[in-house]
Structures are given as structure tokens and as C-alpha cells.
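In the form predicted on its own, a lone chain appears below as C-alpha cells.
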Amino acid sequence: MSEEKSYVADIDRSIYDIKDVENDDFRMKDGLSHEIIDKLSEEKHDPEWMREFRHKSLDIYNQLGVPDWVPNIDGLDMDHIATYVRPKSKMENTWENVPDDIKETFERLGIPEAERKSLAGVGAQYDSELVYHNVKDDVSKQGVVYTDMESALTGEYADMVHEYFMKLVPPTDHKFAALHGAVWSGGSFVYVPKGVHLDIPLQSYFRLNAKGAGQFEHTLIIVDEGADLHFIEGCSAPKYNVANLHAGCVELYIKKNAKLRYSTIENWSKNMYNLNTKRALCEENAVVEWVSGSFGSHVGCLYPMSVLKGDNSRTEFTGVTFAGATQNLDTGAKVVHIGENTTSYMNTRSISKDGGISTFRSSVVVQKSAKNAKSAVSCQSLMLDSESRSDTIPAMDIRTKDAAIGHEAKIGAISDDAVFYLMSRGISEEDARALIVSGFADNVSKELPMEYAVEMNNLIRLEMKGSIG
């Protein structure tokens, strides 16, 4: 991989502290093999460079150990994870043509309704492939490209995919990035041309329905000079008595004077191991805003990273994490300041209940070239009982004196006086506590479109009742 260009190759790595086929999937019976990779590559109609890329990634995967920052994943049996689940139908761009059982799943999640109301385009992935993809005509007429990754890889945008694919997140980054490079499938490709401002969001929704399977979608977004985009990602899965794995990858390229807001609401089931990797590269005067709500998975490791390469670029990360019973959610954000006058701000809330473990992990790196960099980190934690745990682990590597860096963290519990006040107004104790927690998470909900803010508050209420499996 050393001969291939990597946009993060110069960043100090110390900061990141088949052939068996069963039914409709490929399973790693005795570990992932090159024969399985060839089978998958043939299934996907990969160009030769991608087939070779998958094989190189597999070699890297076999060489790397599990990263130190990953919590206990002993319950994840990698030798029996389905790396690819064959779709039951080809991708459709008309909702009525989606198979009824898949359509009913997404309709219960509100996907077509949200598309009609407030979205410029929608992609819906079921297991390993997109089953529906559509973009509004007026958006297409502006030159906006929103398609599935496979179509982009083998169609007219093949050169663009080749230029950018896994350059921000190279397979050498960590073991699960290498796994992703070897077995990725599905995901979305977005290109917003120069100067185009989309007033309403695009959305991708990922549903992992197969038992004991992995989902490895790849999202690649390029926002060209002076353009503006809001992209929303939603995730869910039913609960099974065996582990599922999510090891997707998101790469965001924000060009000069462009802006991208990337919002995520994750509601994975509590048998899910969520080991996702997200990274953005900002050029001069570019802006990336991350909005994240993490409510599911048994173990979660998610640290969206912004590389502020261009002068005057900036990033904001706004997140909330709710860890309930049996959950260990290790989340946070990373930023690398490279250009001059760059700015970053992290504002997070974490909630733990019924023995849940919530860890906020941040990394701020200011390189010598980043004169006049500014960074502020604010983390607030709310513990709802004495069995739960909340930790804050900040890391700062400042290599210039011309920088202003700040960090604050605080932890607390729900005030009995606040609960009593709400109950005196006729609200039940359960609803009073849920209302207080929703207010605590307001930093995220106020940044979302109305439909998604309502969904997030409903998830909080379900977590408070212990109703999310």
C-alpha cells in the first residue's frame, strides 16, 4: 500500500491510540480467505484494480491485531460472520417495485414518508446491497450525483472513485479498516458540483436484517468548491442471539469554500458490534459539521475525524450517546489542525443507565504549521444510577505556541428537585425523567430536521423504559 497516495500518510499514527456459500451469504468458516475475496469480487463485477485492492486489504487484515482502543469483543466470532448477504432483488428507483417484505421493513421505519416530506434523495440498503435509490429530478438537473457505490465504481464516475476510495481511511489504519477494504459492499456515492447548494438533505438508511452477518457499506462524498450539502445517515437492525458486525467506512472530501453537515442517528440492536470509521478532509475555508446520536449496539467504537488541511477551515462535532444495560459505547471525535487559522469545537453529551458504560474519547492534534489554531472541547455526562459508568479520556498534542486550546468536562445526576417540580405539574415520574434526559440531549436534537429530532427523542424515551433490544 505504500505506493498509493494517502491523505493522512503524514499524520503521526501515535494519535490513534467464501469459499463456503450458505444459502444467500458468504461465511468465513475458517477465516477470511483469498478465495472468498475472488468470489465476492466476481459477484460485485469489480474492475481489476478493486479486486487487487481487496486482496491487499486482506493481507493487511491478517497482519494486524485488534486495536488497543477497542473494548472487549470476545463475543464477536469473526470466523462465522457472513461477509456478504446476496440481495433478494436488484436495486430499484421506484418504491413500488421493491419486494414487499423489504418494503414493509423500511415503511415501518418511515423511509418513504420521510422522502416525500423533506428529502432530496434516498438510498436504502438491506443487508449487503442497496435495494432502493432515488434522487429528485430538480436535484439531478443541478448536476448532483447520488448513486450506489457499485454503479459509481463501474460507471461514468469510476475514475473519481479510483482517485478517492480509501485514501482518507487506508486499510493500514487499523484491523477493521483493512477488513472493510477487503469485503466492502453497498453504500452511497455523492458528488455535489461547484456552487450548488442543496436546501434539503440527502439520506441513506442501512438495515442489517441477516442473523450473524456483517455490514460493510462504503460512503464516499465529494462536495466541490463553494457547494453545500446536508447528508443524513440512519442505521438499525433487529435483535438476534448471535453477534452481528458493522464495519462501514465514511470518507468526506470538502473542497475550498464548501460546507457539509453529516448527521447520523444509530439505533443498532444490542447484539451489534459497531466498529465504524468516519473521516473528513477540509480544504481552504471549508466546513464540516458532524451531528451524531448513538443509541444502539452492544459494543460501539466511533470517533469521526476531521483533517483541517486548508487555511481557515473548521469543524464542529455535536454528539449524544446513551448506554443502557449490557452496552459499552466508546465514542467521541478527533481533529487534526494542519492549516493556519483553523477552528474546531466538540460539544457532547453522554448518558448511562442500568449498568451501561459510556466513554467519551477525544483527540486534538495541532501541527506546527497550524498557526492561530483554536479548539474547544466540552463533554457533559449524566449517570442515571450507581451501577453505570461514565469516563472522559481527552488527548491533546499541541506542536505550536500559536494556538488556543480548551477542554472542560463535568458529570452529574438527575436532580430530585427537578423531577419533583415536573411531577407537581401532573407529569408522571417516568415521563419527568425522560423529559429531563431529552433536554440534556438537546444539543443534538436542535441540530436535526424536525422528523429526525422527534425520532431521537422517541429513542431516548424507549431507552429510559428499557424497551430497545
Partner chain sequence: MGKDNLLEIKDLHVSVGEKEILHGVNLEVGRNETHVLMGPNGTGKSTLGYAITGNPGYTVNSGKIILDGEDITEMSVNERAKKGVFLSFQNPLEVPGVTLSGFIRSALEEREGRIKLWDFIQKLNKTMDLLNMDRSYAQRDLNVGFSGGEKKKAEILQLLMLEPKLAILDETDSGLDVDAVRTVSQGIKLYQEQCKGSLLIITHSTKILEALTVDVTHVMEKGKIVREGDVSLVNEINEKGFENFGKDAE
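Computed from a prediction, not measured in an experiment: that's the story for all the values here. Numbering follows the first chain given and starts at 1.
What comes next is about the form predicted in complex with its partner chain, which is not displayed.
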Heavy atoms within 4.5 Å of its partner chain in the predicted complex: does F440 have any? yes
Quick one: does I414 come within 4.5 Å of its partner chain in the predicted complex, counting heavy atoms only? no
Heavy atoms within 4.5 Å of its partner chain in the predicted complex: does D431 have any? yes
How about K401 - does it come within 4.5 Å of its partner chain in the predicted complex, if we only consider non-hydrogen atoms? no
Have a look at A409, I436, L64, I405 for me and say which one sits with a heavy atom within 4.5 Å of its partner chain in the predicted complex. I436
Answer range among 48-56, 65-73, 421-429, 35-43 for contact with its partner chain, defined in the predicted complex as heavy atoms within 4.5 Å: 421-429
